[in-house]
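Below sits a lone chain in C-alpha cells, taken as the form predicted alone.
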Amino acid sequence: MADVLQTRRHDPYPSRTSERPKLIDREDPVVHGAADVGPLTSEQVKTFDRDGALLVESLFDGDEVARLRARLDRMIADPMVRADERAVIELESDEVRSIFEVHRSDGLFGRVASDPRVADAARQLLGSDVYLHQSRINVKPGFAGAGFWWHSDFETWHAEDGMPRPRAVSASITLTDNYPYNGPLMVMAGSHRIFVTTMGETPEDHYKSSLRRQEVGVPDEDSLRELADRCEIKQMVGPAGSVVFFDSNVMHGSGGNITPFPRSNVFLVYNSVENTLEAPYAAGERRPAFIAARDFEPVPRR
C-alpha cells in the first residue's frame, strides 16, 4: 500500500521533502466562481480574494446559535462521545478539544453543513459543487482552552490526505462571542498566496498526536517572521452566530484562552468536487475517513 500511495507525481506544492523550508508562490486562483452569483456580495468576494479570509457577522441568529450550543454541550458531556475515536481531548486537561465528523453523527450539525448561507458561499468561491472534506466542533473553554499553532490547513491536507490543490474553503461558525482576549482565530491576511513548505517526515499514525499538538507540518519561525512582515495579522472577532470563511492555504492560528469566557465553533471544510483526494503526497498511509472524507458525494442543495 505504501508504494502505491507514494507513487511519484508532479507536485507544485512539495512539503516535508527537504531539509530547508521554502516559500512558494501559489499558482492556483483563490476564487474560482463568479463574484456576483451567490450569497456573498462582490465586495465580500473581493475581500476574500485579497485576504484569504472573510468575516460575515451574525449570519445565524440567537435562537439558532442557542440550539447549536445546547447540542454541543450535550455532546461534550456524553461519556460515549468522549470515548469515541472522533473526540480529541486536551493534553493538559480532561477537556474536549474537538469532535470530528459531526455532520454525520448529528442531524442538526448535518443540516447546518448544507445550509445555503454557508454551502452556497463555498460553491460561489470554489466555482463548483462541493463536498464535506471534514467537519468538527472546536471547544476552547474558559481558563483551560489551549491554542492552535500557526499553520496552513492545505499543507496537511495535501501532504497527509492527498488534496491536490488549495481549492477548498473552511467555514467557522462561532457559537460564542469572539473577543480579542479569549483566543480568537487569527489570520495572516494575504498569506494564502504563499505556500510554506515544512520539514520532517510524516510519522506513522501522525493524526493521533497532531490533533492534540501538531509538531510535524508546522512552519518554522523564520518563515513565519517573513510572512508576518509581508502580511497583516488580523483577529477574526465578532458576535456569536458570525461565520469566518477562510482559504485552505491561509496561515492561521489562535492563542490559549485564560479568560472565563469560552470560545467554541462549528468548523466545516468544503472541497471542490473537482479537487477530490488522491494518494497522500508526503505520508505512507491515509488518515481515517472521519478526518479526511473519501466520500465525495456533493452536499445537497437546499
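Numbering starts at 1 and runs along the sequence shown. Since the model is a prediction, treat every value here as computed from it, not as a measurement.
Only in words, not in the display: the form predicted together with another copy of the chain, which the text now covers.
Trainee: Consider the chain as shown here, without its partner, and state which of 189, 224, 96, 113 has a heavy atom within 4.5 Å of another copy of the chain in the model of the complex.
Mentor: Checked against the cut-off, the match is 224.
Trainee: Counting non-hydrogen atoms within 4.5 angstroms of another copy of the chain in the model of the complex, say which of 241, 33, 38, 253 makes the cut.
Mentor: None of the others qualify; the residue that does is 253.
Trainee: Is it true that 143, 228 and 258, all three, sit within 4.5 Å of another copy of the chain in the model of the complex, judged by heavy atoms?
Mentor: Result yes, every residue of the spot touches another copy of the chain.
Trainee: Does the 4.5 Å heavy atom contact test between residue 131 and another copy of the chain in the model of the complex come out positive?
Mentor: Residue-level check for residue 131: no, no contact with another copy of the chain.
Trainee: Is there a heavy atom of residue 79 no more than 4.5 Å from a heavy atom of another copy of the chain in the model of the complex?
Mentor: Contact check for residue 79: no, nothing within 4.5 Å of another copy of the chain in the model of the complex.
Trainee: Taking another copy of the chain as it sits in the model of the complex, is residue 233 in contact with it (heavy atom to heavy atom, 4.5 Å or less)?
Mentor: Looking in the model of the complex, residue contacts with another copy of the chain include residue 233, since a heavy atom lies within 4.5 Å.
Trainee: Under a 4.5 Å heavy atom criterion, is residue 180 part of the interface with another copy of the chain in the model of the complex?
Mentor: Taking the distances in the model of the complex, the answer for residue 180 is yes, it comes within 4.5 Å of another copy of the chain.
Trainee: In the model of the complex, which of the stretches 180 to 188, 100 to 108, 79 to 87, 159 to 167 has residues with heavy atoms within 4.5 Å of another copy of the chain?
Mentor: Only one stretch qualifies here: 180 to 188.
Trainee: Hey, which residues along 149 to 164 are within 4.5 angstroms of another copy of the chain in the model of the complex, non-hydrogen atoms only?
Mentor: The stretch touches the partner through 149, 150.
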